[in-house]
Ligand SMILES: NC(=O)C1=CN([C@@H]2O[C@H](COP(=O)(O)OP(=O)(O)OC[C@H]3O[C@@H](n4cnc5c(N)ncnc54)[C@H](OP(=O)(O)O)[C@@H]3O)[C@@H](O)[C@H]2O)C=CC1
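The chain below stands alone and is given as structure tokens, in the form predicted alone.
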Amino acid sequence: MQEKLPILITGGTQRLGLAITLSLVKAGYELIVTYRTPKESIDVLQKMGVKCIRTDFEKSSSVAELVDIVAQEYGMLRAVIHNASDWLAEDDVPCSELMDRMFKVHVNAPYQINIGLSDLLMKGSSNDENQGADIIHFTDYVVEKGSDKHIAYSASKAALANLTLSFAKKLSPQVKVNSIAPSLLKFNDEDDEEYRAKALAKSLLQIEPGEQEAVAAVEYILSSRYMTGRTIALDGGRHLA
């Protein structure tokens, strides 16, 4: 059996990112994940053979260091999955800082990583005639409608969605580049019943599908041979509600 090439997942040590990481480890991939702050899951992942790299996406120098480490230690990549995110509202941070912060995490970091690791993805593509190589951007449902409470966040995710189009053109035909745009997948433990009921009512399907919904979307993209420059919407029909 052909050995599976490494996959880089940003923000792969908690919630959705952790679910994706565990799924791909189980599937036999070698995983490299980034994290910003230490957490218990890192020890568990390291014992499973996952390489964990501390990276601050608000600092271009830290992103560049990540690219250098991966480029020096790995000859090829199967995929890069951009899951790292920072969800802040205009009330959380002064607007003079917020837009810059959102774009550093959601736009500048993926841009630097895609450019810096494109050669490794190209090599990975030539080594895998079945699926090639992939870049997956996690955007957001708000890209379609905007948000009056998370304006900077929404704008930065829209820019990330546009990067999907540009990199799909730039890296074709060797590398497929797609997005996954989720809305509510899993509540936080602190979310009260009133908030949960209001959030569920925003979609036609009115369920909390869980993180495995996004895991399945990642698995589909990795297995696909004929999709690039597209977005998989995981929103339960919010656009029709």
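Just so it is clear, the model here is predicted, and its values are computed rather than measured. Numbering starts at 1 and follows the sequence shown.
Another form, the form predicted in complex with the named molecule, is not on view; read the next lines as being about it.
For the residues V105, L98, A79, L163, the 4.5 Å heavy atom test against the named molecule in the predicted bound form is passed only by V105. Shown alone, this chain has one stretch from 65 to 73, 168 to 176, 52 to 60, 23 to 31 that lies within 4.5 Å of the named molecule in the predicted bound form by heavy atoms: 52 to 60. The named molecule is not shown here, but in the predicted bound form it comes within 4.5 Å of a heavy atom of D140.
Using a 4.5 angstroms limit between non-hydrogen atoms, T13 touches the named molecule in the predicted bound form. Among heavy atoms of A84, some come within 4.5 Å of the named molecule in the predicted bound form. Within this chain, Q212 is remote from the site of the named molecule in the predicted bound form, having no heavy atom within 4.5 Å. Residues from 168 to 187 that approach the named molecule in the predicted bound form with a non-hydrogen atom closer than or equal to 4.5 Å are P182, S183, L184, L185, K186, in the order they occur in the chain.
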